[in-house]
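What follows is a single chain, given as structure tokens, in the form predicted on its own.
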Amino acid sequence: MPETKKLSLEPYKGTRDFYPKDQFIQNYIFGVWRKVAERFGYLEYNASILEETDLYRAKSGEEIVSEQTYSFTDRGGRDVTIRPEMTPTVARMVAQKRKELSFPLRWFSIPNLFRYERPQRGRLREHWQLNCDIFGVDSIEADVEIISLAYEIMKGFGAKDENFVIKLNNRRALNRLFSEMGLDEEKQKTFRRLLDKKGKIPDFDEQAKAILGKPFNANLEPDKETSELMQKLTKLGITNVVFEPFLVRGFDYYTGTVFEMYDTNPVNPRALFGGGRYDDLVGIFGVEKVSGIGFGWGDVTTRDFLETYNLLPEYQPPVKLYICHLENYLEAANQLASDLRKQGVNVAVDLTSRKVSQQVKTADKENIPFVLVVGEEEAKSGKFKLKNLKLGKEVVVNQENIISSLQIS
């Protein structure tokens, strides 16, 4: 027989396994995202992770499609891509149902996204991302709200203003500058992509000169729209906002305000989130334009940020009570658990025949806060010794008093 290849115990490169404690943190992050988005009146939507590749060719940029996507030809001969971002999908959805939807539209989603890139701190090949978008508002008020929403999410995580900064720029202002520099549309696109990497590549000046034909020495100031946006945010108490003249954002579809948020601690150099205005995106589907602005906020950078500032919650399993039992009393333990579950308590029963001390160790290892033991005496009397494993305290309770005695934090 041919030698069988040994299967790897590791997840696919650039992806993660979520053991219960990891999933607890993931659920916490999603919970804050969802709670604050809903507080601002945003409605949750979702879609398939598969899209036709042409959707990304049209507006995300050829670099995304040719270098960073998981694309393939399906059995029907169609070019398909596992989504690398959500904005083209939501634009398609809005275009499809635009006659039935009520504007302004506030939507959010927490999609699973995939990009084929080199895994490193803050960036993996698979991640989850909060996407929040407003459609149908042309004015700067939508820009103000979407950034205010992001700011309040940071507050929801417990972040202080000095922990993060929101950087702003405007693609319209950049495009005007590039036109004044004599760049045609193709050169503008090439230079935008180079400018997006400024500070990350050592030979930026040389590459810029090759495109422009001269050194790039622009001394940029905030345009009128960006200045107004910063003033409106300041009035709302959002003062950790700065003008970043070389902020571009990599996608081709941005048309106005662009923004990114950064941790002020250099240990996390990547943007926590980024977004901007894309007033032409819905129109690529051959329908009338619908203005839009939104952001994407990744879970990987979020977790890095929360760890850096000790803002992660302490792990608490959903199970509040672990029922142990003596030999021949498993059935009684299961009956007690069934009665308590009907009253809304999360209960786990040890299904083994191990010593009670070993059963209790399992509960302690799983961070389950309470245990009780069912044996002959308990089955006859209906009284149980309920132990708080954290405090090491034990009380005797009747079955009807178990729930009131569970000090659920």
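Treat the numbers as computed from the prediction; the structure is a model and nothing was measured. Heads up: residue numbers just count along the shown sequence, starting at 1.
If you look for the form predicted in complex with a small molecule, you will not find it shown, but the lines that follow are about it.
Peer 1: Would you classify Asp280 as touching the small molecule in the predicted bound form, given a 4.5 Å non-hydrogen atom cut-off?
Peer 2: Asp280: no contact with the small molecule in the predicted bound form.
Peer 1: Can any non-hydrogen atom of Arg115 be found within 4.5 angstroms of the small molecule in the predicted bound form?
Peer 2: Arg115: contacts the small molecule in the predicted bound form.
Peer 1: Taking 4.5 angstroms as the cut-off for heavy atoms, does Asp143 touch the small molecule in the predicted bound form?
Peer 2: Result no; Asp143 lies far from the small molecule in the predicted bound form.
Peer 1: Taking the small molecule as it sits in the predicted bound form, is Phe178 near enough to touch it, meaning that at least one heavy atom pair lies within 4.5 angstroms?
Peer 2: No, Phe178 is distant from the partner.
Peer 1: I have Tyr254, Phe295 and Val300 flagged as a candidate spot, so tell me whether each of them has a non-hydrogen atom within 4.5 Å of the small molecule in the predicted bound form.
Peer 2: Every listed residue reaches the small molecule in the predicted bound form, so yes.
Peer 1: Would you mind picking the one in Arg123, Arg78, Lys187, Lys235 that has a heavy atom within 4.5 Å of the small molecule in the predicted bound form?
Peer 2: Exactly one listed residue reaches within 4.5 Å, namely Arg123.
Peer 1: Considering non-hydrogen atoms and a 4.5 Å limit, which listed residue (Thr89, Ser71, Ser148, Gln129) is close to the small molecule in the predicted bound form?
Peer 2: Exactly one listed residue reaches within 4.5 Å, namely Gln129.
Peer 1: Can you pick the stretch from 308-316, 236-244, 269-277, 192-200 whose heavy atoms fall within 4.5 Å of the small molecule in the predicted bound form?
Peer 2: In the other structure, the partner sits against 269-277.
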